[in-house]
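Before any questions on binding or motion, here is one chain by itself as structure tokens, the form predicted alone.
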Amino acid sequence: MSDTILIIGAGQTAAQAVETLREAGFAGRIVLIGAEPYLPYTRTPLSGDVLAGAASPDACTVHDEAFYRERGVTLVLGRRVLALDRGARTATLDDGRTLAWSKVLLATGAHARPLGVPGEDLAGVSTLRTRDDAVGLRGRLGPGCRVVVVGGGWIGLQATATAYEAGCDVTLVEAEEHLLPRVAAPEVALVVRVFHATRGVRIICDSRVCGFEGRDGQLTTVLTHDRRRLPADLAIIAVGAVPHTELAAAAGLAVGDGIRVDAAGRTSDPDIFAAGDCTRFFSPPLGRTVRLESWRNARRQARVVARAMAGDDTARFDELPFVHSDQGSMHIDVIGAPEAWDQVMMRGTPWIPDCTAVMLDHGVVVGAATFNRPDDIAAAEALIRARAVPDPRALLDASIPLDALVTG
């Protein structure tokens, strides 16, 4: 059998893996299989420019068709892999084809988590995870449109900003006590809340959506557990994502809130690798496993894993979790994913916002979030990696550059 790498998935991770495999000298056959009928694309613009109608869905495409043709990549789009036979080293597709492989990269990503409540199938109720989701929603946004965003995470907040800027009447409903409940300290979430609230967005926290009502199949009302009835023409469900682990689990690979991989991206089968949103990986800087849905993580992990698949025994993924989010005029970067912190120190002016929030655990820097201060991220990462214990007064003094505290 010829040396064949099968890439299952057609997102940012898959596109980066193709690029790196060829750069690393892999000369064998590459077959890329995607369930959607599109060239591999990144999801980052979907809740922003694509949803707003400011960019074509094709703007999400990572590489054009010529890129794959020039690198001798066989594209199999609009098809799903139903099963992996590890013994025979074959993959069975939903059209009945069987493809042989010597190594596999699972880049299956994640799918939007459904609410599982009555009325979720009404017209006007949608998730925002795919190109088709964004295209289906964007033509309906405009002045007078009543939009309810369900979920105060990154996607929900980005959709909120886009809908507001389109002139919509926007209400955001979050089931937990504050926005960004799984990824940010309450102090960080408060900066985000103030930004949206002062623009006119109605924000309701500690309230769970329990159903949707409609007329003639079209959404009219969003229902909450505390008896609110929110008029709505559109409801955007953004309550998280579920990693695609079904194929891996059926093949007998180790899974658990993601496909379990080592620092090189190897699964429990040494010839099957995984990268991107579908994985749970060990983060040496954090000292624990994490699963991360992030554009930067998808790109950087894909590079490491592709090098390992091409035979580089030194390839190891040693990144701190990082997420960025554009919400109107507010750009947020978050570095680190601390499990615990006991103090948040705010540098700058959060009400503008123009600030950096530094999270500490017993004085040790464990995470940071910057608002319109992207230049602070490199210094924050250095502080986290060094397990720095900066002087509190210096940390709060915005006149002292953050990078000056790395060795101070």
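Fair warning: this is a prediction, and the values are worked out from it, not measured in the lab. Quick note: we count residues from 1 along the sequence shown, nothing fancier.
Below, we refer to the form predicted in complex with a small molecule, which is not included among the displayed structures.
Q: Work out which of A298, A306, I259, L157 lies within 4.5 Å of the small molecule in the predicted complex, going by heavy atoms.
A: When the small molecule is considered in the predicted complex, the option within 4.5 Å is A298.
Q | A357, I33, L360, V50 - the one with a heavy atom within 4.5 Å of the small molecule in the predicted complex | A | It is I33.
**Q.** Check all three, G109, L128 and S294, heavy atom within 4.5 Å of the small molecule in the predicted complex
**A.** Answer is yes for this spot.
Q. Taking heavy atoms and a 4.5 Å cut-off, does P390 contact the small molecule in the predicted complex?
A. Contact check for P390: no, nothing within 4.5 Å of the small molecule in the predicted complex.
Q. Is there a heavy atom of V81 lying 4.5 Å or less from a heavy atom of the small molecule in the predicted complex?
A. Yes, V81 lies within 4.5 Å of the small molecule in the predicted complex.
Q. Quick one: does L247 come within 4.5 Å of the small molecule in the predicted complex, counting heavy atoms only?
A. Heavy-atom contact with the small molecule at 4.5 Å: present for L247.
Q.
Is S325 part of the interface with the small molecule in the predicted complex - any heavy atom within 4.5 Å?
A. Heavy-atom contact with the small molecule at 4.5 Å: present for S325.
Q | Interface segment, criterion being heavy atoms within 4.5 Å of the small molecule in the predicted complex, picked from 382-390, 21-29, 5-13, 396-404 | A | That would be 5-13.
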